[in-house]
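As structure tokens, one chain now follows by itself in the form predicted on its own.
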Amino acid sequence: MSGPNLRAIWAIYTFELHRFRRTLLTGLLVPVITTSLYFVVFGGAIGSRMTEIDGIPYAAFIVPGLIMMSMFTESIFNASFGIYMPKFTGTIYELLSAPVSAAETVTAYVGAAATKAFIVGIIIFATAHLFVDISVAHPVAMIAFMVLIAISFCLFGFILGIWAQSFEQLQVIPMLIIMPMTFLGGAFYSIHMLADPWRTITLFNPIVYLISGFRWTFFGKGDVGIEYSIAFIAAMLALCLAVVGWMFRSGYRLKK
């Protein structure tokens, strides 16, 4: 039994990263500018009126939410665009006929997209230090969270890229579903600040568990228990892997 085709994985992975390097300045500058604006508006204007949440300075409190918000966007965009372009140009058939398995293809595309998203997350984390002093209570857990969330949302973006039949469809779910859910998921506030029934309704927003878990790695506390956050990430990862596997086995929007 032969092992994985590492040369094929590396070739696709480096090709996707090369596409990222061609837009390196824009890809890195936009998150820095966006993060700076969020700190000016939320950290400065709102933070001057809401000094602390759960004993955490407001400017520091929003850092995990800012990182997650950018990583969600980058993960979905990079992974969906990466697999959609071969479909759009017709080169997907060359990929499907090559001696590269579905697992190797997914590993390369998702790995490259997750690498980009992780780099953006680290840059935003570094940028945040220009505006606020922030320490991380569980640095290893923080890195693990970033890696798992990047992989999970890149898998979701990969699914979206296969499903989409136009550039407009690529934007529908990230802009109309993921972004609103992120803003309503406690990125800039604690859900405990909400009155019932809104607080209970918010618990049905899956983004709450991701942001809360990531915030726990910073401050040792979150809106929900860390065990729920870990369980949700594991469930999302398993579901996305199952869907991707089904897409390749059935050829859904890949071979027809």
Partner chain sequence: MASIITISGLTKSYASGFQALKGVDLSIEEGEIFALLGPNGAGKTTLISIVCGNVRPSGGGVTVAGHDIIRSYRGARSAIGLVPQELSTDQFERVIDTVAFSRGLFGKPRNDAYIEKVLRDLSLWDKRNSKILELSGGMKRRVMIAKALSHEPRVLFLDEPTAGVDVELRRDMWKLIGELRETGVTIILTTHYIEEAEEMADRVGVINKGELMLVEDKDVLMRKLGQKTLTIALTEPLSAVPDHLAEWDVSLKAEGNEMEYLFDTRAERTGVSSLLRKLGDLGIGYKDLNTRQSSLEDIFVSLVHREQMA
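Positions refer to the first chain, counted from 1. These numbers come from a predicted model, not from an experiment.
As for the form predicted in complex with its partner chain, it is not shown, yet the points below apply to it.
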Quiz item: Looking at 149-157, 163-171, 127-135, 89-97, which lies within 4.5 angstroms of its partner chain in the predicted bound form, counting heavy atoms?
Solution: 89-97
Self-check item: in the predicted bound form, residue 248 touching its partner chain (heavy atom, 4.5 Å)
Solution: yes
Quiz item: Taking 4.5 angstroms as the cut-off for heavy atoms, does residue 18 touch its partner chain in the predicted bound form?
Solution: yes
Quiz item: Closest heavy atom of residue 11 to its partner chain in the predicted bound form, within 4.5 Å or not?
Solution: yes
Practice problem: At a 4.5 angstroms cut-off on non-hydrogen atoms, which residues of 220-241 are near its partner chain in the predicted bound form? List them in order. | Solution: none
